[in-house]
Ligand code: URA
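Quick setup: one chain, the form predicted alone, written in structure tokens, and binding and motion questions come after.
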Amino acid sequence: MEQRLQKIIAAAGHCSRREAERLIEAGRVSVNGQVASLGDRCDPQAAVVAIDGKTLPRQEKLCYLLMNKPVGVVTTSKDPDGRRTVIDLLSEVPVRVFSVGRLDYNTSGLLLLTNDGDLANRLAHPSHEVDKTYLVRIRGKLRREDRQRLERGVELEDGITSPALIRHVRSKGSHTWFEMTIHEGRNRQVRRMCEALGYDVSRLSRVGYAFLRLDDLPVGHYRELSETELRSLKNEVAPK
């Protein structure tokens, strides 16, 4: 099925659609040896698309997975320290995929993986403000004033965070559990927000991404997104 050229370039993970449009307008993109024009369409599995003379890999069947990532696994495709990666858990997946954003080594939970570079770029772009919900366990009690600070935004070394949504606060023994929803994607943001207020995060798991939830998906397992889920996810980040 034919698609717009800029969508094909973005889906290959080369750049965003907007940057792809600039490359086309600059005459740097060709299709089957002919210089392309903005608005051109082609079949991504049949046409030879090249940028500055370098051929893009032909598009594989697009794949969209939801994984319950375990603790002790990294989200990169390869790890220089030899640690296990999420790709190691996908031995039966016939195409190469990559994670949408990251969860750190000590954080478990919901992770999206795909080979659709265009959708991954849009989900990660801060302008779309995709909600990410975490189940947090801290040592000690969450003080009321600190909950309010989390809900207003916390000053970090890279600037104040956007307000977080805090729900379902409950204490058990010497720990407090709560859900925190944020839409930013800063490195280790939830841990850093809690640490800035003097709390040690003893467990962290992402339980929601946009409207998606882990439900009863076992740790270390994955499933494909349904067509309904994929359509709704694309609508979340559709151009306005």
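When you see a residue number, it is the position in the sequence shown, counting from 1. The structure displayed is predicted, hence computed values, not measured ones.
The discussion below concerns the form predicted together with ligand URA, not included here.
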In the predicted bound form, is there a heavy atom of ligand URA that lies within 4.5 Å of any heavy atom of residue 104, even though the partner is absent here?
yes
Taking heavy atoms and a 4.5 Å cut-off, does residue 67 contact ligand URA in the predicted bound form?
no
Distance check, residue 204 to ligand URA in the predicted bound form, heavy atom within 4.5 Å:
yes
Considering only heavy atoms, tell me if residue 42 and ligand URA come within 4.5 Å of each other in the predicted bound form.
no
In the predicted bound form, the residue from 213, 188, 58, 28 with a non-hydrogen atom within 4.5 Å of ligand URA is 188
Thinking of ligand URA in the predicted bound form, which stretch from 159-167, 104-112, 140-148, 86-94 has heavy atoms inside 4.5 Å of it?
104-112
